[in-house]
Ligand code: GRG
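Just the one chain here, the form predicted on its own, laid out as structure tokens.
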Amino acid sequence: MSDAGAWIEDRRAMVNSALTKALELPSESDPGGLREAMRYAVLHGGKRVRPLLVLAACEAAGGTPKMALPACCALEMVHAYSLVHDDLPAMDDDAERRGLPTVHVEFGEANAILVGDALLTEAFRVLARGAVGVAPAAMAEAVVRLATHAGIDGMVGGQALDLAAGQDLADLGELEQVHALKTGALYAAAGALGALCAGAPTEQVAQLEEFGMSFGVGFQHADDVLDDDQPKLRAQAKERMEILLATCEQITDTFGDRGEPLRGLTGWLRARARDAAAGARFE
């Protein structure tokens, strides 16, 4: 991509606008202030990498950004719900995220649980409604893919494995199983949702789902380096990042010029991995 940064900023602005609209405060009452807390959880910061991948996959498969914006919003709501619950005292017990108090600190622990519940259910309402020009059958399959990747066979299952495994793993395969479920699954969903919104054939949906999984696991390996997690596997993880990035590049090449947004995101991740290895810090 000649100007990957410009594409990322433009599409991120589209996503933020769509999220703001999807989470507008209605004129009627807000039960327990939950709508306000949902907006707080979603709209205050975030790189929007998962929605960007939805858009890149949609464009690679011949679709337009507008076709994929509901899927972008749904996926980011699922991601936000997972962060709200991860931050709870019973999980990671974090008091700050993105430079602000976490939701349970700002709104109370019980409300944080309800905010996560509300974001998860709202995500599926937004996704099921779809966008103009997206076939109902494709949106039905998108609902199934998102539910699969977000649930017990994906992100939730990965969180359970992560809690059980801890921070002292000695086997890269075990670590990547956690990464594939906890992080890679939502990125795999992003690739699949983007392709489905574009009306892509089954083989392209599978390709872009695989791209998302490789991207997501590579992203988590880079984050491990940034956060000084899993130190015993640091050298192996760096080698695996290169293999995963190569997979992303091979898949991207099959889409020709339409794959430029995917190529730009892969370049962004490669730079992140390189800077992480060099000791850079990210917010």
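The numbering used is simple: start at 1 and walk along the sequence shown. Every value quoted in this text rests on a predicted model; they were computed, and no experiment measured them.
This next part talks about the form predicted in complex with geranylgeranyl diphosphate (GRG), which is not shown.
Each of Ser82, Lys182 and Gln220 is positioned with at least one heavy atom within 4.5 Å of geranylgeranyl diphosphate (GRG) in the predicted complex. Contact check for Val205: no non-hydrogen atom falls within 4.5 Å of geranylgeranyl diphosphate (GRG) in the predicted complex. Using a 4.5 angstroms threshold between heavy atoms, Gln159 counts as touching geranylgeranyl diphosphate (GRG) in the predicted complex. Within this chain, Gly46 lines the site of geranylgeranyl diphosphate (GRG) in the predicted complex, having a heavy atom no more than 4.5 Å away. Geranylgeranyl diphosphate (GRG) is not drawn, but in the predicted complex it has a heavy atom within 4.5 Å of Arg98. Contact annotation: geranylgeranyl diphosphate (GRG) lies within 4.5 Å of heavy atoms from the stretch 183-191 in the predicted complex, the single such stretch among 183-191, 168-176, 111-119, 124-132. Note on the partner interface in the predicted complex: the residue among Cys73, Met139, Met155, Ala198 having a heavy atom within 4.5 angstroms of geranylgeranyl diphosphate (GRG) is Met155.
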